[in-house]
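Next up is one chain by itself, shown in structure tokens, the form predicted alone.
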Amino acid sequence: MISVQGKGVSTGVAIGPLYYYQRAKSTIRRFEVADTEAEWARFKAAQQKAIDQLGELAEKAREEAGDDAAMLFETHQMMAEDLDYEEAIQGLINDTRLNAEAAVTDTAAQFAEMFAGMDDPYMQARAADVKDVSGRIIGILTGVVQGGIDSPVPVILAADDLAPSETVQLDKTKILGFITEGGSGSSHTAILARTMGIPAIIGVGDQLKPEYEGREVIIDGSTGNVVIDADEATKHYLMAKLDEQRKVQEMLNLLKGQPNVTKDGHSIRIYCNIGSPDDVPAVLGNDAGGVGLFRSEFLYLNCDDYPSEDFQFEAYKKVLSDMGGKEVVIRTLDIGADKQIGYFNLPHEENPAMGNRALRICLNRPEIFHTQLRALFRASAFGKLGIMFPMVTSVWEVKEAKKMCERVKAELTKEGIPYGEDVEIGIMIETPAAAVMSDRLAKEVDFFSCGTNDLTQYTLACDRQNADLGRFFNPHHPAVLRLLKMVCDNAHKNGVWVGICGELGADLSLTETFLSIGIDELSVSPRTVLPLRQKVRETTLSECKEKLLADLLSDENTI
């Protein structure tokens, strides 16, 4: 038996084979081949597999988001079997005896340069397509799996850490739990695990060895313990814990259909955070009241080029329709910082967390923002929509974003395209500037949603992605909680409701505090809805409110 210790960031017990995430290689080997016919056959086999994969993706996209969504993959299929493309690769293999991976790489560079140099914007956009198609073929040739997992059974996935662009492409049906070498509790791997309701452990360092792959592993997300080839006593203990976990869930299921009301009659809305239309069944299955945060940037992360208006419209429409009239708050594009997308061509920044990100990109590149807003307002005809702007620091930013909303509504009216008349406009409070200015900002919007991950980062000057700063990154810090109370007070004076969509919303040790300071809505991962409902229903707010507020404002509270 081998025991490895990390830090649990998503609770629960899971058992399965250990599997290492397969990441595409950054460099391609170049060598001369002896048998050019065999090498051409290698390419043809990989090409056909890529075409088949793209066909499957097109069908899945058609089912989930319509014909426009499928068109991207069908375009890639046609490019993969383009005769000029094929002949260029065949020429390099036959004439220079170049290996297939290098031949595809060189051909992709040649074709991408050719497309980029054309005057037609449509043809220029094909440069990204040929790179993506070629990358898929190269991945097949080098044994890299699309989505990072090639296993007939679900696995415990291990990695150094996963970027947002990698997490969004994972085959979620194949994952029982996560283990990462580094990372932090607010990393995207941790957030994904909590959304999926599966255990996750970070910070195991180099304790996992390559020879452990394929061996049975049990992970306990509450303790951070990883056990490989457990002995009978340890396995019995952990499996009993897994059984208890299932029983607790069965008890929590009895709370479905019950209101989120304290013993003395104070109610709060409990919503969910999602990153994809595929997450909606988990929202409904856990009886959430709505979606408090749909991270729209994951649509962009899952595309090889800017997603079209129709592609986005179908995704937003699906979420709103599937939620059956329950409120859905969609955050506008929030990239930059730790969420980088190649085709945006953002310049390198020394401090990207404070750089060109989120609403700043949208205001600096209005053509991108305009496309998303049109898709959002078109989708608003199919449900109850709230639109939320991230990374706000000033009133002028909100006013400019609202002007763009009015411009889009005027366009849709002129074109005879229906949209919802009751779309709420809100902002994220995730900078100290927004919290301090919340009295002024409240006059411009319908709601606030507090992003506590970034609010903690910026308030404490503490990088949320740096695992070495663990004890310094303290979301319970009085400075953070006092800012939240200030935001609630200013919002309610102006008739604006306040939610929390950051990870702190699921912290049951703070539920009474949030109720006491007047938070109206908590948006959490789907599996946290019922435990949070239970906590709310066990609370007598009148008994704890006065003491909690006194402690919060006390000079002695110097954590």
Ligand code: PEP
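Owing to the predicted nature of the structure, the values given are computational and were not obtained by experimental measurement. The first residue of the shown sequence is 1; numbering continues from there.
As for the form predicted in complex with the ligand, it is not shown, yet the points below apply to it.
K.L.:
Given that the partner is absent here, does P307 sit within 4.5 Å of the ligand in the predicted bound form, heavy atoms only?
P.N.:
No.
K.L.:
Would you check, heavy atoms only and a 4.5 Å threshold, whether G426 touches the ligand in the predicted bound form?
P.N.:
Flag for G426 set to no.
K.L.:
Would E101 count as a contact of the ligand in the predicted bound form, using a 4.5 angstroms cut-off between non-hydrogen atoms?
P.N.:
Output for E101 is no: heavy atoms all beyond 4.5 Å of the ligand.
K.L.:
Check S276 for me: does it contact the ligand in the predicted bound form (non-hydrogen atoms, 4.5 angstroms)?
P.N.:
S276: no, not in contact with the ligand in the predicted bound form.
K.L.:
Heavy atoms within 4.5 Å of the ligand in the predicted bound form: which stretch among 307-315, 427-435, 471-479, 127-135?
P.N.:
That would be 427-435.
K.L.:
Only one of K409, K172, R464, R269 comes within 4.5 Å of the ligand in the predicted bound form by heavy atoms, so just point that one out.
P.N.:
Contact check passes for R464.
K.L.:
Looking at N260, T332, N453, T459, which has any heavy atom no more than 4.5 Å from the ligand in the predicted bound form?
P.N.:
Of the candidates N260, T332, N453, T459, N453 is the one lying within 4.5 Å of the ligand in the predicted bound form.
K.L.:
Pull the contact list for 485-505: residues with a heavy atom within 4.5 Å of the ligand in the predicted bound form, in sequence order.
P.N.:
Contacts from 485-505: C501, G502.
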